[in-house]
Ligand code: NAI
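Single chain ahead, by itself, as structure tokens, in the form predicted alone.
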Amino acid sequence: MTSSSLTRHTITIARGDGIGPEVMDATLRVLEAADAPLTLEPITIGLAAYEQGHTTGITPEAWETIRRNEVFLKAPITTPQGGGYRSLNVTIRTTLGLYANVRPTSAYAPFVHSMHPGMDLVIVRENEEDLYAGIEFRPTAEVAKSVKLITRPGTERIVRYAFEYARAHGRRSVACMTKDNIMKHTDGMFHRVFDEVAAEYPDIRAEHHIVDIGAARLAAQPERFDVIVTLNLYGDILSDIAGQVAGSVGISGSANIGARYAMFEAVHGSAPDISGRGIANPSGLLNAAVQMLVHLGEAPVAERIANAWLTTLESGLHTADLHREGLSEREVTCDEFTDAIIERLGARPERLREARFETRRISVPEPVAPVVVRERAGIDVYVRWDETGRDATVLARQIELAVASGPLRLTLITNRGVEVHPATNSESLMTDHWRCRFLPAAVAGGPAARITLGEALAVPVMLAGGGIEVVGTEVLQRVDGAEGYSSGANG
């Protein structure tokens, strides 16, 4: 028996849409041939569920099965075009608390063309927060807003997972990528927590990159990276860059890991344009299944499958997406490629690096919230104002008149992040959406004064009483004595 244990694992599977059923059937054939100790419970999700009226693409019965089995192997699905449909992947990740997205990416040159044959890295992406939290709204006719949500507990958990992953898999370094030179509070928090956690892992080299130059280095010198940890949006982009630089996004698998549940999937989509033609490459989902086996503690079976896949690549039998004249021996169908992998179970690659996996389960403790001192500092009030000329000085006079009887004073107005009062910027395009900051008068010439919540919330009431349309508010805080809000202009 090839399994590392006598335990059989019951997992949930979904065949998905487009090429999903083809690549799932291929993957299951390989798992069965390798004697993977799995019991399968299929569910229907995706297009069929959407068409039944389930806006998330998943039925209550499917949820019950996923929660019961805790491990989920999912083929690609199709989200219908048009409004009203939520991303199934995002829904599953956030509902099940799958906070870590793990995407190993390696080059398989010369059998899969890549300019970087030494590339072998893993991207650990925060999976629940950031702009993907989906907090968006239209406060005015001219403006749409999306909230970038970063939490300290979420950041600490994903950063610690990245370091624990590096230890468990013999990786030497963890690189953090943020844009904290611009987003000082959101990305700044991610960077600060990274530095704090990194200090607890002196055996692993830690480094930080601004994400734009980091992405350029990833594209030009991927060999310099080992494990990359980053925020949700950046991780999504960097993962696709890494996959393409390695040779093909279509062969990468992805693990979504939480404290209790885990989901494994191919990185690529459902590719309906090639569905039913028999030319799909099952490698992405098969490599996700290998990650799943490692997660279940079945490393010997995972190694047997991965090495058979590597040996098949070495043989030159390639599906249409990988086939290259001079590099490939023969172009094969999805079924032929699957048969070739099954025939090579037990074989080991001769030129590509042999697959070896650790069975140690990664465990990350729940983050402990630090003790901080918070003080209310003021309030930002967002207003819709569209008078002819959109002159900020006119708006400022109306505001100052409206709040004259209150304890807070207007200190700043911005439009699209640009300060327009008290400084003026006549060259900036003005919209109908204005941020107006109110602080205690003492702030200007002396120590910061404390204010009550009632004093802060009285400001939008007074503005409304003065005929100014309020469309949003944000109570400003000082945290441990430091301003917990942007300074104003371009903040």
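Here the structure is a predicted model, which means the values were calculated and not measured. The numbering used is simple: start at 1 and walk along the sequence shown.
From this point on, the text means the form predicted together with the ligand, which you will not see here.
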>> Residue-level contact is defined here as any heavy atom of the residue lying within 4.5 Å of the ligand in the model of the complex; does Asn89 satisfy this criterion?
In response: yes
>> Since only the chain is shown here, I'm wondering whether Val267 would be in contact with the ligand in the model of the complex (any heavy atom pair within 4.5 Å).
In response: yes
> With a 4.5 Å heavy atom cut-off, would you call Val290 a contact of the ligand in the model of the complex?
Replying inline: no
> Looking at the partner-bound form in the model of the complex, is Asn127 within 4.5 Å of the ligand by any heavy atom?
Replying inline: no
> With the partner left out here, if you bring back the ligand in the model of the complex, are Lys74, Ala271 and Asn281 all within 4.5 Å of it by some heavy atom?
Replying inline: yes
> Which one of Thr411, Ser315, Asn307, Thr79 is close to the ligand in the model of the complex, taking close to mean a heavy atom within 4.5 Å?
Replying inline: Thr79
> Between the options Asp240, Asp321, Asp120, Asp180, which residue brings a heavy atom to within 4.5 Å of the ligand in the model of the complex?
Replying inline: Asp321
> Hey, of 273-281, 169-177, 194-202, 338-346, which bit sits against the ligand in the model of the complex at 4.5 Å between non-hydrogen atoms?
Replying inline: 273-281
>> Using a 4.5 Å cut-off on any heavy atom, which residues of 57-73 would contact the ligand in the model of the complex?
In response: none
